[in-house]
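Let's start with one chain on its own, the form predicted on its own, as structure tokens.
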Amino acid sequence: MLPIFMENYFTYRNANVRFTTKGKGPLVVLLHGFLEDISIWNRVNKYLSSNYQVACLDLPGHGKTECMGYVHSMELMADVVLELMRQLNKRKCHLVGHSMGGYVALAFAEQYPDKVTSLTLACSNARADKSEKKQDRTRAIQLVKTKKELFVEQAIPILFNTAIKSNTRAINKVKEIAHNTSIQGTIAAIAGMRDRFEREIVLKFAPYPILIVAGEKDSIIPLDWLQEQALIAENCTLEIIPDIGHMPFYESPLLFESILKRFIDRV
């Protein structure tokens, strides 16, 4: 299937980075999560691009963006986002990050706060991994080295509320994307997430509006974590989407799109 949007590339650290851009107006940057690529944003991209310039990129080691080392830190990926903005000649942007993309958005916001117009965390959070979770990620790296296909088959379904039978098609689509992610890219991202820093302070002192979108049935990021973090920021909106897991743009696309656009429009 041909891509819906024209593909573009730039080079960063001798690696090719794929991105798309559509529309005119203030810049919105959409950052996908772990084992995903820019295609997860196709609906959101089309929805927002009538009023905004919407840019999506494959984060390092994902989609058609090449790997940039053995560990893809959140700071490294944030610098790739900065280079994207330079390529587009944009000074500020609305940042939208899903899951790992939210960790990247928080790293970007910490390093370049004057370049952020608003920050949206979709099923993502500002806490670092605790020791038990770090150990889980290290074990995941070992599994990926020898049985990546098994890892993907186990990791993707739990992102969704599997009690909803209509999610089966989306689960299979995300599995396809994840299976196409290289072993090196998968390991580098897991290591980067494992080693990421606590960034609740970014929420507390953010000079821009923040939106947190939570899935009521999310088994990856507990709802109470996001409720607690929403209280940290002075200018934060928390939206809880009922009956969905970790994938709002697939599980409840119309509601997610309307929540996101209403927030960005208000900013």
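Remember, predicted model here, so these are calculated numbers, not experimental data. Counting begins at 1, following the sequence as shown.
There is another form of the same protein, the form predicted together with D-malate (MLT); it is not shown, and what comes next is about it.
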Options 172-180, 81-89, 140-148, 100-108; stretch whose heavy atom lies within 4.5 Å of D-malate (MLT) in the model of the complex: 100-108
The single option of Cys236, Ile240, Ile201, Ile220 touching D-malate (MLT) in the model of the complex, heavy atom within 4.5 Å: Ile220
Answer option from Met193, Val116, Ile187, Val152, heavy atom within 4.5 Å of D-malate (MLT) in the model of the complex: Met193
Contact label in the model of the complex: Gly33 to D-malate (MLT), heavy atom within 4.5 Å: yes
Distance check, Arg18 to D-malate (MLT) in the model of the complex, heavy atom within 4.5 Å: no
Residues in 244-260 with any heavy atom within 4.5 Å of D-malate (MLT) in the model of the complex: His246
